[in-house]
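Presented below, as structure tokens, is a lone chain in the form predicted alone.
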Amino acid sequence: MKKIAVCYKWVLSDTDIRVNEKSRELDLEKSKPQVSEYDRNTLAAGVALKAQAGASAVVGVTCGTVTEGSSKDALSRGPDAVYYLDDAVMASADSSTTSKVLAAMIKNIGDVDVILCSEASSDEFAQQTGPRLAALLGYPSVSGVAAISVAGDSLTLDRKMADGTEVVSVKPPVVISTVPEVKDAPIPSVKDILGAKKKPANALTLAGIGLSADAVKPLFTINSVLAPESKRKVVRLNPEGTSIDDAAKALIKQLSTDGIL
């Protein structure tokens, strides 16, 4: 096995996203970027696979805007190096754009024969990048992978299906889309964080990988993102000190009227 590339995404933390109650728009002011939670597991799987298969290296690959800041976090999770592309045009990227840029980056890196992607990112959850990337590179694509093991010159992949597990064998090159169960993601230690500063973080550009801004225009655009409108029916069952017994009877009557009972 040559190099393992793990694609990851630098996303805003969803725990700090708030909703404006009046406009229903998302308030991202307090949300800080982080490696997508799903991608942390995939990075851990890539590091484990390198050790098991004796691959020459495992590298992290990402593209987007302000992705330079992702390097330290990603490198603290075990990769030997990170390659990032930071361009304003990627602010409107869709799965088509992202997979096209990732494919060109991986070709530029060279000697990559196993590519790991999370099944989806924690922000859009489109579930398209892995298969699209495989199509662009001409590699087989295996999705829904919950476990990876090495068997000689092949990989044994356990696919999580709706009604069971499918086990497949494939020889590199291959693009593997993983589910979170593929590997637990440990919290980086202080040693890991300090060691990340000594690892290479390589900046790539669209021109450097042979793409123009026009070549990576998204196929669709997002006009707005609004939280769902929530309307709740409020019925007070104990006005003016109504007894508990009477309130309970009123509740049963109301539930029956609404067709719940």
Partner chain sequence: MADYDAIVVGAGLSGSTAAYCMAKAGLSVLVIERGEAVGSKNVTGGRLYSHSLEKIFPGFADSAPVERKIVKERISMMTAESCFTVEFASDRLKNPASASYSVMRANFDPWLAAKAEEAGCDVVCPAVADDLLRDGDKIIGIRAGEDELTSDVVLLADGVNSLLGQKAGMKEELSPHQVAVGCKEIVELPKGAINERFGLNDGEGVAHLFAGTPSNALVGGGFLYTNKDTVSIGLVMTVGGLTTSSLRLPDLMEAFRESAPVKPLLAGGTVVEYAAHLVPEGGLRMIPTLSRDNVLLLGDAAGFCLNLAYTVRGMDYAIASGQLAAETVIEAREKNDFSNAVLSGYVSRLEKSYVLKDMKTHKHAPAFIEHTKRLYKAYPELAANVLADIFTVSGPSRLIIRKTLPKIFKAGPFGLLMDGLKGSRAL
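Between two forms, the rigid core is defined as the largest C-alpha subset superposing within 1.5 Å. Bear in mind the structure is a predicted one, so any value in this text is a computation, not a measurement. Numbering follows the first chain given and starts at 1.
Form predicted in complex with its partner chain: not shown, discussed below.
Contact annotation: its partner chain lies within 4.5 Å of heavy atoms from the stretch 183-191 in the predicted complex, the single such stretch among 123-131, 183-191, 138-146, 89-97. When contacts are judged by a 4.5 Å heavy atom cut-off, residue 160 does not count as touching its partner chain in the predicted complex.
Taking the partner from elsewhere, residue 18 is found to have a heavy atom lying within 4.5 Å of its partner chain in the predicted complex.
Every residue of the trio 30, 197 and 240 has some heavy atom no more than 4.5 Å from its partner chain in the predicted complex. Shown here without its partner chain, the chain has no residue in 82-118 lying with a heavy atom within 4.5 Å of that partner in the predicted complex. With the core held fixed, the Cα of residue 198 is displaced between this form and the one not shown by less than 2 Å. Taking 2 Å as the criterion, residue 236 counts as shifted between this form and the one not shown: its C-alpha moves by at least this amount when the rigid core is aligned.
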